[in-house]
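Read the single chain below, which is given as structure tokens and is the form predicted on its own.
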Amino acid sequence: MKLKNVLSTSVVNVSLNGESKEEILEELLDILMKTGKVSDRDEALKGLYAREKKMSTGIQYGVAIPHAKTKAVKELIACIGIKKEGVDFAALDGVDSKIFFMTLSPVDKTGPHVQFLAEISMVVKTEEARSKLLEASTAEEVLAVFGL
């Protein structure tokens, strides 16, 4: 899985507007809808909410990785969103989430999803990378943190 095959400036938003977990999920999904690769918005949203109900995708250090396996996509797609003020995403460490990576992947494929999460995690585990993401004012600056 190469991040450059999944991420581009068109799927990065450095100033999310949502004020709640639900609003952020919908706003990120709308970014993915613009790719034309999501066949059913309601189905995708249902998958995202079901995943959040099992366990929050707010991890730690202000990062959340909302994701779902869904019939609404034929290949893994992803987007990145930044909300500098943070939103309560019920993160494991109690810190509001500011950096969001949303992925949707097909129900029958596990490999790409796991690889994508591993690659993202390698970058955002450092405080320096998280700081650069939060300081970014353009999609290009966000992608540069990932060497793209």
Partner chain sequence: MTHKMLLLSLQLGIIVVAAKFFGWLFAKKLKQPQVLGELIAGMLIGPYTLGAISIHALEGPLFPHSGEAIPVSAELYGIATLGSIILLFVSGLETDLKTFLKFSAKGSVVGIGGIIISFLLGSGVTVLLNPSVHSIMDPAALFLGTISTATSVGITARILSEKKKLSTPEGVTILAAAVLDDVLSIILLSVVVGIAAVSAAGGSIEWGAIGGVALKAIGFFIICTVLGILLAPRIVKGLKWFKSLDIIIGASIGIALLLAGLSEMVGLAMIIGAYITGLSFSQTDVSHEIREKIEGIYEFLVPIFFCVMGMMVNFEAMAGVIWFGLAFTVVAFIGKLVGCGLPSLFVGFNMRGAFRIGAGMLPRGEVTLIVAGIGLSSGAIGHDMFGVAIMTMLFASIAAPPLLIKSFSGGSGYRTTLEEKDEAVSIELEFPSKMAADFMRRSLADGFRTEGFFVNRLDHNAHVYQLRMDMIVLTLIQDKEHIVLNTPPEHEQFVRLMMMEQLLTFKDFLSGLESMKSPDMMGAELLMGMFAQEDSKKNK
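Predicted model, so just to flag it, every value in this text is computed and none were measured. Positions refer to the first chain, counted from 1.
Here the subject shifts to the form predicted in complex with the partner chain, a form of this protein not shown in this document.
Asker: In the predicted bound form, does every one of Lys37, Lys46 and Lys98 come within 4.5 Å of the partner chain, counting any heavy atom?
Answerer: No: none of Lys37, Lys46 and Lys98 comes within 4.5 Å of the partner chain in the predicted bound form.
Asker: Taking 4.5 angstroms as the cut-off for heavy atoms, does Ala90 touch the partner chain in the predicted bound form?
Answerer: Taking the distances in the predicted bound form, the answer for Ala90 is no, it never comes within 4.5 Å of the partner chain.
Asker: Contact with the partner chain in the predicted bound form for Leu117, defined as at least one heavy atom pair within 4.5 Å: yes or no?
Answerer: Because a heavy atom of Leu117 falls inside 4.5 Å of the partner chain in the predicted bound form, the answer is yes.
Asker: Should Gly86 be counted as a contact of the partner chain in the predicted bound form, where contact means heavy atoms within 4.5 Å?
Answerer: No, Gly86 is distant from the partner.
Asker: Would Ile65 count as touching the partner chain in the predicted bound form under a 4.5 Å heavy atom rule?
Answerer: Close contact exists here: in the predicted bound form, Ile65 approaches the partner chain to within 4.5 Å, heavy atoms only.
Asker: Looking at 134-142, 19-27, 121-129, 6-14, which one sits within 4.5 Å of the partner chain in the predicted bound form if you count heavy atoms only?
Answerer: Selected range: 121-129.
Asker: Within 4.5 Å of the partner chain in the predicted bound form, which residues of 25-52 have a heavy atom? Give them in sequence order, or say none.
Answerer: The stretch touches the partner through Arg51 alone.
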